[in-house]
Structure formats: structure tokens, C-alpha cells
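The chain that follows stands alone, in the form predicted alone, written as C-alpha cells.
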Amino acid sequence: MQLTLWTYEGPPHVGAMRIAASMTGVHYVLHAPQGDTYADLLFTMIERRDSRPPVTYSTFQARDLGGDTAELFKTAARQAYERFRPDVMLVGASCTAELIQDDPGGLARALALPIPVVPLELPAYQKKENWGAAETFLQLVRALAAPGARAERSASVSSRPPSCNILGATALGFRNRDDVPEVRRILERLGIEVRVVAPLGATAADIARLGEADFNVVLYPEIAQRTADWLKRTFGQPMTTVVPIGVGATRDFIAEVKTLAGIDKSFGREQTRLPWYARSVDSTYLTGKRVFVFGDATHAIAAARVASRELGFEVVGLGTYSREFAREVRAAAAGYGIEALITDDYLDVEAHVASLQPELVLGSQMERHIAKRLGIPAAVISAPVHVQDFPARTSPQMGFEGANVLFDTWVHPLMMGLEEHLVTMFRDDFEFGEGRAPSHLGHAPAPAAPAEVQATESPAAAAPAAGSPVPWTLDAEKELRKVPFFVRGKARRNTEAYAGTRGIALITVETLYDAKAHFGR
């Protein structure tokens, strides 16, 4: 076991909480000590939910360990049923409670509650949050999906439009809330009926109807792939394999669902601006930027495709913390001629970003912090995320509107860098000094004489950058500020490395340009 400050995923019981919090009429009774109730904050503070997740804790304390903790759990389950009257109850143990080896499933069965009770076996020391969510969803579907749903589908196949289920969206999922309506609009525009969206917003009755649809749309394989596989074996339902993130993937997704639905209907005009924006002058200026991509497998693979094929970026790094999908990420990375980074240690990720020195980082909130420390523009593409990544506005990642959002989110950090670069470049100009009034007002005061800048070869008055082994002259620092914001950190690091390897004691303007020539070869 490794102690860490940050983690990409919580324990598997947090994944089970995500499923329970996504659905209506489902309650989760968790055998857990008092301290494990922290997980509520993920939903109320991070996701800004207006209610607590539907979870009841047995909340045993240290003094209870010498007594009957099993009775504590039975009491908690009984009281949860009497208070909330759920349609389905999930029961399980947190990672801490797993050590005392009570059996929540057996204890709940002994209560003989008049509702389905789904016991969860989530090995807390081998698996993590996404696996816990996938396993919980699978067990719920296995317990509730009605065997007669397949016969219902077969009986009405000739008298209704093609239909599907949308699977995988959950609470705490990155933009899951906004992706579902976008994908639903695409499907309905093709004349495909959406029978059930699950687990987000589903009830136990909805789960029972899953077998009635003709096929399943798998939005997030980390959550829904195992359930879709079971539905295929049980009800003969095929599933989608393309995740519609980006313009190209959305077109591929539309072609795939048309094949699954057996239709040949035209989708019509695409409401997307990304292709033209990516070809416009400003965006062309950004072509070839080196990008590092890291996140869950679904979003990392999709982001690398969009960055490479639709925005003209060069993918120099691709990785995931989703070990269950390492094979898919390795295959995608091989397509860019690089080796995938498979790790759940953020320090490994930080070391890779520092060594690759990309010009843009696309990742989770962890990579956003890493990029901030290294002075690199960044955008969030994947969970784990923080409160600002649950915006009040609609902001999908999927479909054509999602592609527009991707362009704004990824490219604007670089464009803002350009604007800041211009402001910095002309900050010392007498026409654009901070004391000047806006010229369009027509009565701006006479420009003050520009301050004479004294060239000096003495060390800069300001302290050199933290960690810099070599000081900079004032002139060199001033020249460095002319370098665009989004590559300034890299220029500083390269210059200091160049000076350090040649025993240069003071970085001058000449050193700066010598380093530029050296690394530009």
C-alpha cells in the first residue's frame, strides 16, 4: 500500500454510491465506521447536488468493535427501509468495514425486507471507484432486468421504430449530465426511440425494461461495458463501440447506430463550428502544438483523436489511470508512435509532463494542478474534477455541440496566452503604457517620455525563478517577457539548462538567443 496526497479514484464503495445517487428509488446501506461518511461531500460540495446521496451508514465506532457490529448493520438497514421506503436496497461494506468481516448481504437477507436487496462484493484493496460503479450497475441489472422483456421486443418489432438504451452516465461523471441530452437528440433525429437512460435518472422499473430495446448505446465503457456485455448475452442486444466525442467520432457513431438500427435516414446538417474554426487563421497558428493527454480511458482516447485529427496538435503523451482499459489506451498510443503511460500515481504523471514539456496539457484536475505548477496551459477533459467542472450552463463533451465545447475549452487557453503576450510585449510602449487613457476618447493626456531602460549586465534586481541555478540579468528577463506566455516557461527552462551545462554564471540576452539557436537545431 502506498500513501498519497491525491488519488484519481476513490475506493469501490464510492463507485456504488455514484450508482445509487444516480437513480431514483434506490438506497444504499453501507457498513462503515464514522469517518467514512466523508464521501457525502463529493456529491453535495463537488457536484453541487441539492440533497444528500441516498446512503445510510451503520457508523460503528472503535468502542463497538468489541461488541456486535452485525446488529448495528441490521438496525441501520431496517431503519433505512422504514424511513426512506426505497424500491431497491443495495448493501455492502466500506474498505474499513471489510476488515471486520461482517456479511451485509446475509444480514440483510435475514431481515426479510419486502423489496429486492442487492448485496455488493466490492474488494476494496484490489479494485477502485470506476470498477465499483461498473460492478454495482451490473448487479442491479442482473437482479432487476425482467426476463420477459426480450419477448416483448420480439412481439412488437414490426410495429414500432427502432429503439435503444443509453448506458453509463452517472452522478459525479465528467459532463455526463450534459452528454445524455446531446446524444439523445442525435438518436431521436435519426428516428431512434430511447427507451431507458441508466443509471442516471433511472428507476427500478426502468431497469426491468432494458431488454425491450433493440440495442444499447455505451457512452462510458468504464461504467457500462460489463453490463452491455451481459445484456448482449442475455437479451441478444448488440451495442455501440464508438464514443461520440469530437466531430469525426460523432460521424462514426451516427454510422454505427444506423447500422445497428437498420435504417438509412440522413442526419442532415451538422450544427458544428469546430472544423472551420480549426482551419481559421488563428487556429492554424496553433497547429503543431505538442499536447499531453491523461485521464480515464474513454476521455483520454477520444481527446487524443480530436487533438490529432481535428485540431492539428501533436500528441506527445497519452495515458490513463484506468488499468482495466490499459490495453485500449496502449493501442491508441501506438497509433501516435508513443508509449502509453499507465499509472495511478500523479507523481509519475508530473514527471512525464516535466520531461516532455508539452505546450498544452489535457487531463483531470490533477493534471491541471501539475500544469499550473509548470506554467503550461491546461484544460480538464476527464474525472476526477472539482467544483468548477460542474458548470451551471450546459457544457457537453459528446456530439456536435460537444465538439464546439472542446474547441473553446482547449484552444482558448492558448489564445489567451497570445493576448497576454501582446499585452506584455507592448506594456513598455509609450502609446500603451498603463497610465494612458483609451485613445478612442480623444482627449488622452500627452504621452510621457518613455522611461529609459538601462542595459545592465548585473544580476536582475528581482529574484531569479525558484529553483533556477543561474541568475538572469535585467535585460535578459526583459527579453524573456517578449516570448509568448504559453512557451515562456519552456524558454526559461531551456535557457537555464543550456547555461547550466556550459558553466555560464549569468544569463544574458546573448545566452537566451544562444540557447534558442541550440534547441532550435
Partner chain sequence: MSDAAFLDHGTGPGCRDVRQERGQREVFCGLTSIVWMHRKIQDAFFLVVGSRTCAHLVQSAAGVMIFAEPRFATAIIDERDLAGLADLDDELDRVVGRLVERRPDIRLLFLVGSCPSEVIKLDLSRAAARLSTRFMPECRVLSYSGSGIETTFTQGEDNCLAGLVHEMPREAAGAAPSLLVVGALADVVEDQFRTLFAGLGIADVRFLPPRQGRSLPAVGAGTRMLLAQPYLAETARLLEGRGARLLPAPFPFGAEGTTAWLRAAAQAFGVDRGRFDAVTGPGRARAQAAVARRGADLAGKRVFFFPDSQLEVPLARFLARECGMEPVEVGTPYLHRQHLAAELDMLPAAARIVEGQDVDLQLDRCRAARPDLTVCGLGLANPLEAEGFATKWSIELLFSPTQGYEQAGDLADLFARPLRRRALLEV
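Numbering follows the first chain given and starts at 1. Please read these numbers as outputs of a predicted model, since none were measured by experiment.
Omitted from view is the form predicted together with its partner chain, to which the following refers.
Novice: Okay, which stretch from 92-100, 391-399, 161-169, 195-203 lines its partner chain in the predicted complex, with non-hydrogen atoms inside 4.5 Å?
Specialist: Looking at the other structure, the answer is 92-100.
Novice: Heavy atom within 4.5 Å of its partner chain in the predicted complex: which of A334, L347, A110, A146 fits that? Just give me the one.
Specialist: Exactly one listed residue reaches within 4.5 Å, namely L347.
Novice: Just give me the single entry in R189, H412, R83, R327 that has a non-hydrogen atom within 4.5 angstroms of its partner chain in the predicted complex.
Specialist: Exactly one residue meets the criterion: R83.
Novice: Residue-level question: is K490 within 4.5 Å of its partner chain in the predicted complex, judged on heavy atoms?
Specialist: Looking in the predicted complex, residue contacts with its partner chain do not include K490, since no heavy atom lies within 4.5 Å.
Novice: Does at least one non-hydrogen atom of A20 fall within 4.5 angstroms of its partner chain in the predicted complex?
Specialist: The answer is no: A20 has no heavy atom within 4.5 Å of its partner chain.
Novice: Is there a non-hydrogen atom of R279 within 4.5 angstroms of a non-hydrogen atom of its partner chain in the predicted complex?
Specialist: It does not: once its partner chain is placed as it appears in the predicted complex, R279 has no heavy atom within 4.5 Å of it.
Novice: Even though its partner chain is not shown here, does K482 get within 4.5 Å of it in the predicted complex, heavy atoms only?
Specialist: K482 lies outside the contact set for its partner chain.
Novice: Using a 4.5 Å heavy atom cutoff, which residues in 18-44 contact its partner chain in the predicted complex? It's fine if the answer is none.
Specialist: Counting only heavy atoms within 4.5 Å of its partner chain in the predicted complex, the contacting residues of 18-44 are P33, Q34, G35, D36, T37, Y38, D40, L41, L42, T44.
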